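Next up is one chain by itself, shown in structure tokens, the form predicted on its own.
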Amino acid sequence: MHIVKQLMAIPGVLAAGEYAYRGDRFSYQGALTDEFARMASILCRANTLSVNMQAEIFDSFAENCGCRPVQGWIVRGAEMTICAVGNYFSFIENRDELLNDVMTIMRAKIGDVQEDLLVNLYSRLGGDTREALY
């Protein structure tokens, strides 16, 4: 099941989608207008770039600090929270345990990036990384 559909099946998820790192494309499902979704994709791209820059700076001062590679980010507002992992985002209600449920799915599907990018990408395609790459 595509991650956006899987996220939208969770009660309390207001919207979920995917954005391009270039900032020119996005797709979404949920309670957003097209203009709001476009702005959300710009917000997600800008925050992702910022978080990656901050992690690189921190890593330059504290080598092997554990903050790289960046998995994603979360911003909590008064009524809703935005979560981004990889190039996927979700807008969720602020409710007990909902953030944990959403992040568990997002990290299982697209998070936990390994240092060895080839191993990570191959495992996402369903390959047995030990058999094929070692």
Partner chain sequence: MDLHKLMDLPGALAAFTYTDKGDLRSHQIREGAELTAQMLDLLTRSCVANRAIASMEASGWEALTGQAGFQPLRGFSVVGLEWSVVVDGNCGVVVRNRDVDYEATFNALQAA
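Numbering follows the first chain given and starts at 1. Computed from a predicted model, the values in this text were never measured in an experiment.
The same protein also has a form predicted in complex with the partner chain, omitted here; what follows describes it.
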>> If we define contact as a non-hydrogen atom of the residue within 4.5 angstroms of the partner, is Leu49 a contact of the partner chain in the predicted complex?
In response: no
>> in the predicted complex, is there a heavy atom of the partner chain that lies within 4.5 Å of any heavy atom of Asn94, even though the partner is absent here?
In response: yes
> Is Lys109 close enough to the partner chain in the predicted complex to count, meaning some heavy atom within 4.5 Å?
Replying inline: no
> Would Gln54 count as a contact of the partner chain in the predicted complex, using a 4.5 angstroms cut-off between non-hydrogen atoms?
Replying inline: yes
> Though the partner is not shown here, which residues of 36-53 have a heavy atom within 4.5 Å of the partner chain in the predicted complex?
Replying inline: Phe36, Met39, Ala40, Leu43, Asn47, Ser50, Val51
